[in-house]
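One chain comes next, on its own, written out as structure tokens in the form predicted alone.
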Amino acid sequence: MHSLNNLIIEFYDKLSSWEQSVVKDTGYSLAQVHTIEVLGSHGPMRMKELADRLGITTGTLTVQIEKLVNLGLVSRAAHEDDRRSILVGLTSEGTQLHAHHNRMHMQLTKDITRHLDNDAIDVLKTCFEKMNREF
């Protein structure tokens, strides 16, 4: 278990370092790009749901969303069914940023799994699915 722990930490550190290096050239913060990633992957959502997915408070998210709105990456609107709820989603510029960042993630995935055969990739996917459910 100790060696698995070390491998997970090493992988996390390397992935975090890669993410930082990719984001620093965009002019956006890592938190902003993570917000764009979630909205790009899951579509428009309520502020509370987005905050939960990001693991931050709605207060922190409100500040983040204000910055992204001012940058033209995110739009806000009242929810159709619940006028008290705010729905946030990507603008066309935000969608372009998400697509670009997602292509970089896809390339990284291809690069780091290039020595794995399909069976190993299936096992890896199953492991990640099970581990992600623990959060």
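None of the values given here were measured: they were computed from a predicted structure. In this text, residue numbers run from 1 along the sequence as written.
Omitted from view is the form predicted together with a further copy of the same chain, to which the following refers.
Highlighted residues R76, H79 and E93: none comes within 4.5 Å of a further copy of the same chain in the model of the complex, counting any heavy atom. Of the heavy atoms in A99, none are within 4.5 Å of a further copy of the same chain in the model of the complex. Among heavy atoms of K67, none comes within 4.5 Å of a further copy of the same chain in the model of the complex. Although the partner is absent here, H105 is a contact residue: one of its heavy atoms lies within 4.5 angstroms of a further copy of the same chain in the model of the complex. Although the partner is absent here, R83 sits far enough away that none of its heavy atoms falls within 4.5 Å of a further copy of the same chain in the model of the complex.
Taking a further copy of the same chain as it sits in the model of the complex, the stretch 105-134 comes within 4.5 angstroms of it through a non-hydrogen atom at H105, M106, L108, T109, K110, D111, I112, T113, R114, H115, L116, A120, I121, V123, L124, K125, C127, F128, E129, K130, M131, N132, E134.
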